[in-house]
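Take a look at this single chain in structure tokens; it is the form predicted on its own.
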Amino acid sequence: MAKGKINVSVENIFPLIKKFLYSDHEIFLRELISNATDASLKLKHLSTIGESKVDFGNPQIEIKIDKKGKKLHIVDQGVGMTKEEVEKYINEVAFSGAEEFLEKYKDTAKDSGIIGHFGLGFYSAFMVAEKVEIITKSYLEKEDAVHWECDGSPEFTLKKDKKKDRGTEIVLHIADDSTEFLEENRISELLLKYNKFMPIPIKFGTKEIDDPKHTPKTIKDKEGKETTEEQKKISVDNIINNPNPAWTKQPSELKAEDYSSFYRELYPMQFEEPLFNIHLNVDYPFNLTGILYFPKLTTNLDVQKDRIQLYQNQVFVTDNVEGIVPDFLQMLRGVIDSPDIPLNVSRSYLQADGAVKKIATYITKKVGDKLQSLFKNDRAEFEKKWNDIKIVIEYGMLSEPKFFEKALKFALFPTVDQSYFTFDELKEKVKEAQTDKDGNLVLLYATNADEQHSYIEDAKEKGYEILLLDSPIVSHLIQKLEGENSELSDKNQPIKFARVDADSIDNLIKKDEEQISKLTDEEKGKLKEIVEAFVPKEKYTVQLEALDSKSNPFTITIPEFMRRMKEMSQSGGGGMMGMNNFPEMYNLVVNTNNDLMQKILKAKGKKEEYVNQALDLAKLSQNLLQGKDLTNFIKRSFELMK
């Protein structure tokens, strides 16, 4: 038996590991199983290239709990280690045997699946164990098995062992403050979290199934009735992982049902099928595989993110993919797997890492290509799905310039009549009718077809198209579309977006023809004086307009610029600090050609009633009539009917 000291640069490396190296103690199991996986994959590779004569077979990794002895065992059937290798890879802290193996076989081991990024992984065992044993036997026949033992101090013992089978067994003597890791449910939880898709089968516990060789017999009960004997059960190994998940296969190997089945495997509590998926597969200039799913999404920006799972060579790393997946795609679901993403590093490091930036760019391009393909191949189906996916696309158009350029070809602009146009189609469709006297193309939109119904109808009577843009980021999006279009104004007609209730329809799209007012200047002055006497000045600016006689007598409008800035401030951005506290201000457009104006001017005792009734009707159309004002309106309406 040999004794010695582990070659470490600081005497108290183990407390350091326990407290600082890994922030989450539970990952010790991930690290140890990853090392066991590497050991198995190394043997597979050596067998494949003819350097090992042993039968690779179907190795498993086994996890065993000895609750009484307070021990946790991790057993593999991989390459094992010689005495020299234990001294080199275990006693030289932070020296990674996997990395050396990959370097030695770099020409052939590229696709071996060996993880090789764990380095200090073995020593994470001391976060939960007061003593660790390694019992290992190399696949090399002439080598003796060895037994290494360490109690968390730099001292260790190393001696021969009687182990006959190749592979390694790690025995953790669980510390008193970590006994949770002796509970079957806790270990099962960790295996499903970190190792659900590891490439080597992982055995943990047993499960009962019906005995396939047992044929139930028909027997008679006490009353002579026939019944069937209960099926016999047998115990089988419980393999808890799927070593060959869908993302490790080529798209040509998978059918639609395979993608659906994998989605349910990832999200067993998600009952709604995804709309479509995107299979990621690239090996240059970086390695990346994965599958992303578009779920049905609402227009709520607070949808749950952190549903994409990040793996490194089938080892779960995190579901916080910020900095790796572009922000607008974090509402999707699925898996991304890349050996080029480092483990156990900070978010800020990831966001600055060159490989990570390339990955984010690739994912954005791949999603854009897929959406464009879906649009071109089956536009009708794409239109049906638009409302379920638009929030992702609109968010992407705002946040990613390259995605914006691509998305303009397939992003849809629905109308209140459920027609769908691309941006270029829309401009061409409305160009003739909706170009104002100054040459601007005015694109009208509503955000709520019910609340803005009367304004929509006024615009329809003019033959105008009204878009239905109801996402919470619409103000930001139209601001960007106007800006991008103006940058190309030498080629494109200048465009302006205007919500249908931002002004009277004649003012939103001003034409050369002018409406003549039925009132004289004197009458207009008197009318304005009457209206302003009964309308709260702190909320309304009275604006007299000569409109169509059939148009409403009073119309409340919210200036486009002010409303847009307020909405942008509420949803983030817009450059207008404090807009949320800005006082509510409206324009009250008074139609001088409506017959009610004559009644107001000539009425002796009902001027106030007429003005208040018309104002409340205008407020009602904007969903502004509430509380006491609504009660008074109802009472006044009944009085006027008498």
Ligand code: ADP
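Position 1 is the first residue in the sequence shown; the rest follow in order. Since the model is a prediction, treat every value here as computed from it, not as a measurement.
The same protein also has a form predicted together with ligand ADP, omitted here; what follows describes it.
Peer 1: Is residue 90 close to ligand ADP in the predicted bound form, meaning a heavy atom pair under 4.5 Å apart or at it?
Peer 2: Although ligand ADP is absent here, residue 90 would touch it in the predicted bound form, with heavy atoms inside 4.5 Å.
Peer 1: In the predicted bound form, is there a heavy atom of ligand ADP that lies within 4.5 Å of any heavy atom of residue 168, even though the partner is absent here?
Peer 2: Output for residue 168 is yes: heavy atoms within 4.5 Å of ligand ADP.
Peer 1: Wondering, does residue 42 line up within 4.5 Å of ligand ADP in the predicted bound form on heavy atoms?
Peer 2: So residue 42 counts as contacting ligand ADP.
Peer 1: Is the gap between residue 122 and ligand ADP in the predicted bound form 4.5 Å or less for some heavy atom pair?
Peer 2: Yes, residue 122 sits close enough to ligand ADP in the predicted bound form that at least one of its heavy atoms falls within 4.5 Å.
Peer 1: Which among 609-617, 30-38, 64-72, 590-598 is in contact with ligand ADP in the predicted bound form, heavy atoms within 4.5 angstroms?
Peer 2: Only one stretch qualifies here: 30-38.
Peer 1: Just give me the single entry in 446, 81, 393, 359 that has a non-hydrogen atom within 4.5 angstroms of ligand ADP in the predicted bound form.
Peer 2: Going through each option in turn, the one that passes is 81.
Peer 1: Could you work out which of 76, 400, 501, 337 is the residue within 4.5 angstroms of ligand ADP in the predicted bound form, going by heavy atoms?
Peer 2: Going through each option in turn, the one that passes is 76.
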